[in-house]
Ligand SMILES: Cc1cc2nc3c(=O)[nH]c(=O)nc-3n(C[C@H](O)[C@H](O)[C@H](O)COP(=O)(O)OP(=O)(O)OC[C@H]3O[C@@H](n4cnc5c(N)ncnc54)[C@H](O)[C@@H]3O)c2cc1C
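Here we start with a single chain on its own, the form predicted on its own, put down as structure tokens.
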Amino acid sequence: MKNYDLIIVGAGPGGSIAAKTAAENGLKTIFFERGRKPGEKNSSGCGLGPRMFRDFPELMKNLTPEKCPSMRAGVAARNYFVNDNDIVAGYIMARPTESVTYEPAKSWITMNVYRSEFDPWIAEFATNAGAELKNSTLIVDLLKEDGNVCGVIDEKGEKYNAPIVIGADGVISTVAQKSGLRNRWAQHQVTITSQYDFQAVPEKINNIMGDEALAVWWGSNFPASYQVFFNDGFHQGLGNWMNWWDKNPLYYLNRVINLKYYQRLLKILEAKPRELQAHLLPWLDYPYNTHTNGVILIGDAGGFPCPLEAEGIYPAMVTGKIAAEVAAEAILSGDVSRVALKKYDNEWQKTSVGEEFESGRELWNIWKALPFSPKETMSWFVPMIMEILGGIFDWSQPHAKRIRQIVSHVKSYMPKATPFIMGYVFPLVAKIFEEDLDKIMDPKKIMKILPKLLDLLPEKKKRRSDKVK
């Protein structure tokens, strides 16, 4: 049996940061990767948020195109709105806004890279710090002594001993299940995501897309579909909670790919499909059961992806760093009990990740009810939004009359929009502003007044010439 101070199962970004932090704290650390190298798994690409560059500056300043040739900054993001007839009814493009407070968030929204480049790059920081990386090793069970976890067992039966094990082994976490922290996630807690990866010439991407590197396709016939551009290609994917699907996920993804507008985009980019990918992802409104005697869960294993858009790399890195620091302190004190490791929850709750989950339930609920409920919500949301945003560009009537037509048409959506606003929008606003909201407005009163205000708008307007007579 091999002895260590700390064992980390998983060599993704979270596991690597945990290994790096632990080694820097003087712990004899080993971290395991089931693939032949970190990043060799079927999820392929990701967008790195600016918070990573803010919170891990000494690390992220070393991320360059030489290290990750796929790098492409997501300076601009486009939102496509697709109606019931699978027609792109309109789109909106956005860049970082004036209220953003720090760099690099003022300059770009995400930095897009392929995981096959990013994961081994970040794992190298851990090995340089002194952590041992063992590739091509699948951990299948946990060692226990007197009912408490004291190590791991790999598929060949080899045993590794340590007072604390950190589970960084993703959505289907062996560490979580074997430690008794949970069984598999329930269907409403996990999503399945399928995506196509396309190859395209960098010059084509740059000349045609400019500084656009992100897009969301909001559809009435499919769940929200994301598009992420890299230096030499792009992803198109979509997902939804496991209890949602009535058809194969590829049926819905193919509806996006087969849009006339999308086929035109593929043609002008001369894009060629090179891989089909699929993966599971936990998507919770709040993490729970994140630790027990001798065990800490981080990243996807602990249910930490963002409750709104399920971005998981930043939360994995933040929780990985904290888990290693808490583990180092616990090992030094000789107390690795569940009570001692409670400090892990206390610490991550103080971070940006914890702040995100303060409104987790409200964020999770509104997202589930909007872009991931195409038939129930997007079927009226898309035409309503495009009526508001697109109607003013219509020259079919005098502009004043056209605006009145738009208002009248928007009123027709209120029977569906009002329950949605009351059920999802106001709870989110109330949670974010809490007691401050009472000083500003009463949501129930506003929703009673708004339809009445719309009703006060007259159907016909007197001509100016009639007034001067």
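Remember, it's a predicted structure, so these values are computed and weren't measured experimentally. The first residue of the shown sequence is 1; numbering continues from there.
The same protein also has a form predicted together with this ligand, omitted here; what follows describes it.
This chain lacks the partner; the member of 71, 138, 216, 100 within 4.5 angstroms of this ligand in the predicted bound form by a non-hydrogen atom is 138. Comment: this ligand is not present in this chain, but in the predicted bound form one of 54, 34, 67, 431 has a heavy atom within 4.5 Å of it, namely 34.
Mapping the unseen interface onto this chain, residue 18 falls outside it, with no heavy atom inside 4.5 Å of this ligand in the predicted bound form.
Using a 4.5 Å cutoff between non-hydrogen atoms, residue 372 does not count as a contact of this ligand in the predicted bound form.
Taking the partner from the other structure, this ligand in the predicted bound form has a heavy atom within 4.5 Å of a heavy atom of residue 298. Looking at residue 321, you'd find every heavy atom of it more than 4.5 angstroms from this ligand in the predicted bound form. Only one segment in the set 334-342, 393-401, 257-265, 304-312 has any non-hydrogen atom within 4.5 angstroms of this ligand in the predicted bound form, and it is 304-312.
For the three marked residues, 41, 174 and 195, a heavy atom of each sits within 4.5 Å of this ligand in the predicted bound form. Contacts between 277-298 and this ligand, taken as any heavy atom within 4.5 Å in the predicted bound form, involve 279, 280, 281, 298.
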